[in-house]
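For reference, the chain that follows is the form predicted alone, supplied as structure tokens.
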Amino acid sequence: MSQTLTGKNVAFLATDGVERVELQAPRDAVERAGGKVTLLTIDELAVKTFDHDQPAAVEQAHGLVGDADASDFDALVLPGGVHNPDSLRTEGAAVSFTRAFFDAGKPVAAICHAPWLLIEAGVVRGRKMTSWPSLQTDLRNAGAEWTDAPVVVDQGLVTSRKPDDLDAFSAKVVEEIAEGSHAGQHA
């Protein structure tokens, strides 16, 4: 069954150092399903993407997270890379924006190192999750139940490990956004 996201507005939050393919693949999946993507960032609207540790392309963001309101969006997608989520977790506006999605029970998706931002937002305790393997201790210490799987879904929270998992991740992102809010998602 084909999922439709017609009328859904999905925020993607990223800054310099974002893994290019982890931004592009789920964005393309959301757009193919009819959703609208709004790329938000923390400072300059030009976001420098990377292919692992090599500079790739520059993506033009639509706005700054500090000017955005989570209530204007149906879901949040957090692409990874190492530098990107490490920078985002130090920005109060990015942390509070992320937390607002959990408070509202809206779908959130995070891949690779992006769960660092979820840890900072205080929303992982009691959650089943996956991530890039080096984050498993951080997630466990924050109270998450970490598992090594291509994609894990827990009450509207979709997590994945790495670019090799993008097909499964993107499919689950679309599925969870199509389902909408999850009452049990509150952190």
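Every value quoted in this text rests on a predicted model; they were computed, and no experiment measured them. Sequential numbering from 1, following the sequence displayed.
The discussion below concerns the form predicted in complex with another copy of the chain, not included here.
query: Out of F102, W116, F97, F73, which one falls within 4.5 Å of another copy of the chain in the predicted complex, going by heavy atoms?
result: The residue in contact is W116.
query: Non-hydrogen atoms within 4.5 angstroms of another copy of the chain in the predicted complex: do Q24, Q60 and L64 all have one?
result: No: none of Q24, Q60 and L64 comes within 4.5 Å of another copy of the chain in the predicted complex.
- prompt: So in the predicted complex, does any heavy atom of V82 sit within 4.5 Å of another copy of the chain?
  reply: Close contact exists here: in the predicted complex, V82 approaches another copy of the chain to within 4.5 Å, heavy atoms only.
query: With a 4.5 Å heavy atom cut-off, would you call D53 a contact of another copy of the chain in the predicted complex?
result: D53: contacts another copy of the chain in the predicted complex.
field: D154: touches another copy of the chain in the predicted complex, heavy atom cutoff 4.5 angstroms
entry: Contact with another copy of the chain, no.
- request: Would you please decide whether S134 lies within 4.5 angstroms of another copy of the chain in the predicted complex, comparing each non-hydrogen atom pair?
  value: Output for S134 is yes: heavy atoms within 4.5 Å of another copy of the chain.
- request: Choose one stretch from 64 to 72, 37 to 45, 158 to 166, 137 to 145: the one whose residues place a heavy atom within 4.5 angstroms of another copy of the chain in the predicted complex.
  value: Contact criterion met by 137 to 145 only.
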